[in-house]
Ligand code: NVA
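A lone chain, given as structure tokens: the form predicted on its own.
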Amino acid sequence: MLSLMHHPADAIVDVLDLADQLKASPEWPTPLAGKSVALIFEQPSTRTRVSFEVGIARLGGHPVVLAGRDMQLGRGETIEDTAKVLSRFVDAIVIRTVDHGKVMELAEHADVPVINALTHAHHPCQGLADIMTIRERFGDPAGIRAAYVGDGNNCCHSLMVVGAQLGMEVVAGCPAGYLPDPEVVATADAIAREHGGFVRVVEDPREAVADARAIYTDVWVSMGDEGQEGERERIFAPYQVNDALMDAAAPDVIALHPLPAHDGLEITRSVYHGPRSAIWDEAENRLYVQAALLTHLLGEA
């Protein structure tokens, strides 16, 4: 699962339904008993690492955590060779890196499932958690409007794609020069229209959040963008998710954020720690959607 662009809606719904079941159950099945999953982290991680490790263990499997610098991959071994070797040892590979092409190459040469745990282009596991949270609050997401405001990055892409698959209306409000990938937007919009929704991009944040029942934002300076803090903070200041922007949306609007959040920059503390925040549920839901995804790929509950 490298992105959610090529997965049919019914498969996504199956994973979400299973995630709901796991969240409601104090005791989990163990479809990963006797199986091992490699977790490769070339970037820092809190939620992704902990949720995958805990989820694999609760499903009966064994997580093998690998820092990129500790592997021969960090000393020049090729992605192809790494994929072929790991495929002899483990039953699936989860990787968090910057270059989306690296994940695609790993999947091309691996003989086991590969899960993208974040690249610069897509963050599909986060997208599944986002939609799980929206479903918990509002039910069937078809026809629900979600707004993304800020940098048109990987989280923006994944929200567009998974929202499109489920018939949502996804509007991104991003400044010029920081728009989401136009190919992702076009593909997601075409998918959305097949399911009764749409995807579009505007530059005015208040226009983006009009009638939205979920407002989603992410950090203004992502990993790999260090050194651009001052310029980005100036450009993105009008896109801050604060109480005034929340008030411009639907009355029952919720705030979403993949975390970590930066108080007073992309979001204010009064929002992400306030009564309209669904951010902590969203973070918890990473555990359930990833466990459901692994079950979907590797075993039956």
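The model shown is predicted, which means the values in this text are computed figures rather than measured ones. The first residue of the sequence shown is number 1, and the count goes up from there.
Keep in mind that the form predicted in complex with norvaline (NVA) is not shown, yet the notes after this line are about it.
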item	value
Site test, H123, V219 and S222 vs norvaline (NVA) in the predicted complex, non-hydrogen atom cutoff 4.5 Å	yes
Heavy atom of N116 within 4.5 Å of norvaline (NVA) in the predicted complex	no
Distance check, N153 to norvaline (NVA) in the predicted complex, heavy atom within 4.5 Å	yes
Contact of L259 with norvaline (NVA) in the predicted complex (heavy atom, 4.5 Å)	yes
Contact segment among 195-203, 211-219, 227-235, 78-86, judged by heavy atoms lying within 4.5 Å of norvaline (NVA) in the predicted complex	211-219
